[in-house]
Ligand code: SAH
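In the block that follows, a single chain appears as structure tokens, in the form predicted on its own.
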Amino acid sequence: MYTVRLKAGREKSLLRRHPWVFAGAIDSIQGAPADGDTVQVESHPGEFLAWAAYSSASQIRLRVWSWQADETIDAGFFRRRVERAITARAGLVQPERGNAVRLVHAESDGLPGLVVDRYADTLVAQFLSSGAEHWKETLADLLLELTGARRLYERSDAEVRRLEGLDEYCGPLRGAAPPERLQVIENGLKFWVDVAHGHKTGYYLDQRDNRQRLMQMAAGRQVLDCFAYTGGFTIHALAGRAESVLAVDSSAEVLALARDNLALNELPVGRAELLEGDVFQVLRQLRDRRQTFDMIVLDPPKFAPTAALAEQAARGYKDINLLALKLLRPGGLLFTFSCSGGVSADLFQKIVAGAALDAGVQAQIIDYLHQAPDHPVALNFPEGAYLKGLVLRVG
């Protein structure tokens, strides 16, 4: 058994059951654990604190599996955790309304570094920590057994893998390779998903409920969808009887998939314009042409993965929100989001408020938006609340 002893006074976060221990908190290590090995974590006086996975490369040196001294970290432990996560999703999405759901949400499900999304009969998993990587084969077998899925595809190509000293990998893990495109249902609408090459695991399941909210408010509106990706918000807006949608993204490939999603749902192509371009530049061009909209969606990629980059990210968020607010007609709606872990909800609201002030508009918050409930936030892990959204109405 390997034992990691913390420096005096550095056990406080673990006593609050936060699942991370940083390198600077460690006083000594008994034995020579390999990356991913389970270690016993002790306070400086030698009291048991937790069982955790060890990583020699990451600044997050330990990620907690359990706080129970009598618990054994073995295949049975992971079976119980995976079963619990799957059971918790039961009933969240009605089968006739959707067949794509997040089954495991890492630390928030007590499985640090493991993310699993289900797209119909295909599972897509990310093993993002040394501990998850160490138990990958066991977890893969359990996931297929407990879900009855046909295949498991691995998308361990996120940047965080490098911070763990792990190589990136994508490919089939169980079963045959998935088809080039999978068809899934979300909120009763159909979407093509490319699990091998798409963003994250292929699609942004965390925005499911927010897309439905937009659909409920889109009727009769002229909509601008920025960072449109494969058309999630665009399709929902048109399904909600929007008058028109201009969808902007920098990738021709994802816009081609968005166009196919329009056809898949038999929506009128004439009411949608798909524009390839840099969103910042397109917003300025629309401003210079004095073009306006009734509804705008800002769903940018992650600008600040850590708090250290928050200041730089704030400038980007302020810029796009300022431009968008100038493009809204009186009574228009702005759906604006940040998925940056380094930008808190309070900071994001302050950034947007500053953008409104500089744009010279009066605006009200009429709704706060968050990630869908299959992406839960454990109370002991507030970092899990990464998606922040506001719905603003311009006066």
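The shown structure was predicted, so the numbers you read here are calculated from the model rather than taken from an experiment. Heads up: residue numbers just count along the shown sequence, starting at 1.
Although it is not shown, the form predicted together with this ligand is what the next lines describe.
In the model of the complex, at least one heavy atom of Ala228 sits within 4.5 Å of a heavy atom of this ligand.
Although the partner is absent from this view, Phe280 contacts this ligand in the model of the complex, with a non-hydrogen atom inside 4.5 angstroms. This ligand in the model of the complex is approached by Gly232, whose closest heavy atom lies within 4.5 angstroms of it. Although the partner is absent here, His199 sits close enough that one of its heavy atoms falls within 4.5 Å of this ligand in the model of the complex. The contact with this ligand in the model of the complex, taken as any heavy atom within 4.5 Å, belongs to Val254 out of Leu166, Val254, Val184, Met215. For the options Phe293, Tyr204, Phe77, Trp192, the one in contact with this ligand in the model of the complex, meaning a heavy atom within 4.5 Å, is Tyr204. Proximity to this ligand in the model of the complex, taken as heavy atoms within 4.5 Å, picks out 244 to 252 from the listed stretches 137 to 145, 244 to 252, 167 to 175, 215 to 223. Within 4.5 angstroms of this ligand in the model of the complex, the stretch 286 to 302 places a non-hydrogen atom from each of Asp299, Pro300, Pro301, taken in sequence order.
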